[in-house]
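Before any questions on how it binds or moves, here is one chain, the form predicted on its own, in structure tokens.
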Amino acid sequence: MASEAHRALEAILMVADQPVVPALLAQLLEVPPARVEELCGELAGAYRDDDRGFELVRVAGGYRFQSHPDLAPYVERFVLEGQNARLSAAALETLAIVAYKQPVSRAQVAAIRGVNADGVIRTLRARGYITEVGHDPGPGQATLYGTTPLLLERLGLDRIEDLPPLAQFVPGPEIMDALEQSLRPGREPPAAGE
């Protein structure tokens, strides 16, 4: 199977520091984009069949090599040895708000979280997960934020629309009603099964 086109794709993707879009790969190989998709599919299948420690995946609109997910413990030890690369709970919460509500302003994030988000937004921008995407046309023309291709890459997603639906993380109306009833002054919380 190792045609020159396959080998050329491997060589390009091996040196790329971010996912490479099919249109660019097609231009470099002088083949139609549909052929690039076929070639990448063939390579990905061959790596999967050989049970390699890496895989060829499509993320952030392009192709890249990445380590196989089942080898994550080894890679994490290598990458994270001596460093703390994790985001705080506040940063993850803010990042989720931006990802699902984008474009969104600092004030909107603060209103949803219930606390000032300036520091967290600075941190997420510094790490390259969010960026300015425009300005609100209303009074004050607040800066609007959205996610970056780096976030898609880190999440292993091709498009932001590939995020899981938010509804599966939100409690249903019956749970919200029960919670609201239990929080009213002078009311006893409902017993289990009521």
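Just count from 1 along the sequence shown to find any residue number. Under this definition, the rigid core comprises the largest set of C-alpha atoms superposing within 1.5 Å between the forms. Computed from a prediction, not measured in an experiment: that's the story for all the values here.
The next section is about a form of this same protein that is not shown, the form predicted together with another copy of the chain.
Chemist: Flag this candidate site as yes only if D50, H68 and R122 all have a heavy atom within 4.5 Å of another copy of the chain in the predicted complex; otherwise mark no.
Modeler: The answer is yes: all three residues contact the partner (heavy atom, 4.5 Å cut-off).
Chemist: Considering only heavy atoms, tell me if P19 and another copy of the chain come within 4.5 Å of each other in the predicted complex.
Modeler: Contact check for P19: yes, within 4.5 Å of another copy of the chain in the predicted complex.
Chemist: Since only the chain is shown here, I'm wondering whether L28 would be in contact with another copy of the chain in the predicted complex (any heavy atom pair within 4.5 Å).
Modeler: Result yes; L28 sits at the interface with another copy of the chain in the predicted complex.
Chemist: Taking heavy atoms and a 4.5 Å cut-off, does V133 contact another copy of the chain in the predicted complex?
Modeler: It does not: once another copy of the chain is placed as it appears in the predicted complex, V133 has no heavy atom within 4.5 Å of it.
Chemist: If we define contact as a non-hydrogen atom of the residue within 4.5 angstroms of the partner, is R35 a contact of another copy of the chain in the predicted complex?
Modeler: So R35 does not count as contacting another copy of the chain.
Chemist: Aligning on the rigid core, do we see the C-alpha of L71 shift 2 angstroms or more between the shown form and the other one?
Modeler: L71 C-alpha, core-superposed: shift of 2 Å or more.
Chemist: Using the core for the fit, does the CA position of L9 change by 2 Å or more between the shown form and the other one?
Modeler: After core superposition, the displacement of the L9 C-alpha between the shown form and the other one reaches the 2 Å mark, so yes.
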